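Only one chain comes next, encoded as structure tokens, the form predicted alone.
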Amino acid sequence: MKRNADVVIIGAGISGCAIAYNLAARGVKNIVVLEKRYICAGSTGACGAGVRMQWGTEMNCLLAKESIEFYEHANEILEYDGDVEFKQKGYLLISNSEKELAQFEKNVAVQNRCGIPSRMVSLAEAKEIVPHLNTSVLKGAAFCEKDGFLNPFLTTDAFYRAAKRLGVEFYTQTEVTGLRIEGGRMKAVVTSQGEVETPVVVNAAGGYSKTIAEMAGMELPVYSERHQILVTEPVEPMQGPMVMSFGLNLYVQQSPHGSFIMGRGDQGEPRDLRVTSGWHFLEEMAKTISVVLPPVAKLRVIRQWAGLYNMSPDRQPIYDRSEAIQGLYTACGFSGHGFMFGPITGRVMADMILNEHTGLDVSCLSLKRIETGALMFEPSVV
């Protein structure tokens, strides 16, 4: 393993791989990415594979819009030999309450101002979009045809291979055990395979970002919460868009391979980094699907798994350069949506590290907003 680097990135999920690629594409030569398991082993590999622009805050809308515009051309931009499998079949957001419907209308207004082609749709139109949807339990819906499905493993692989071609070195099965800081400056990363001297460290460790920050004596205002997903047997195509409801607590989409992928949140989920599966999730998921999408409830479940949502106080990302420790950068707190924001995370973190400005200003997403109470709460999270 290399013993020195200009930049060390901790975490080889979508964020770490995209940051490495963006830095290398701008000419940074000596980049090392450390991963304690394997590429895409954490939250990215456990995600639900959906990407959307239908958010409630302007910043999340802009982050998602730029990312989806990148994903539309990812195969070409990253010169990927395979296919990231981006299928833009849309997201149909359904509401079972008048209060939530009013929020949808506010959200659509924000999205449209950002150039996102979302719109409110009637229940009759929602039924046309998803014929097996039980609209009798709903009040209305919103739709954006540009949202869709993206394979997290292949997408991360595309960034990984592009970064490697540009000289980035990845070390898997290499756990970070400490950070060496001297005189308020980053000096080295201590790992299970030895020490790497470096003046710049990027904490892109997803669900474990708080643990990495603690190694630097830094208290990140985030927590990691287990979220579970299941997948069914594959069947013939019957549903184009993702169906999502915040009030009914579900998201369901059919993958390009025919299986249905679905998940839900639970306020009672543990926050101790476990990624085990439970019966309660399976039972509650089945109950909800039986009401909302009855034909889907008849499918056999193949397996279920869990990943970690790294939650910030306002459910928006944290992009930050430490004021206390020179050379320490953080990209975390994606609140379950780091995969969706992968391309923009790579670009804005490269901007920050290189002191460049290539587009979107994300200064409002620094830790300072949390320290000062200037939160921008995102209402649209399952």
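Numbering starts at 1 and runs along the sequence shown. A quick note: this is a predicted structure, and the numbers were derived from the prediction, not measured.
Below, we turn to the form predicted together with a small molecule, even though it does not appear here.
Residue heavy atoms within 4.5 Å of the small molecule in the predicted bound form occur in exactly one stretch of 353 to 361, 320 to 328, 32 to 40, 56 to 64, and that stretch is 32 to 40.
This chain lacks the partner; the member of Val296, Ala162, Ile229, Ile116 within 4.5 angstroms of the small molecule in the predicted bound form by a non-hydrogen atom is Ile229. Residue in contact with the small molecule in the predicted bound form (any heavy atom within 4.5 Å), chosen from Glu105, Glu175, Glu284, Glu195: Glu175.
Looking at Gln316, you'd find every heavy atom of it more than 4.5 angstroms from the small molecule in the predicted bound form. Of the heavy atoms in Leu179, none are within 4.5 Å of the small molecule in the predicted bound form. Taking the partner from the other structure, the small molecule in the predicted bound form has no heavy atom within 4.5 Å of any heavy atom of Gly140. At least one heavy atom of Ala49 is located within 4.5 Å of the small molecule in the predicted bound form.
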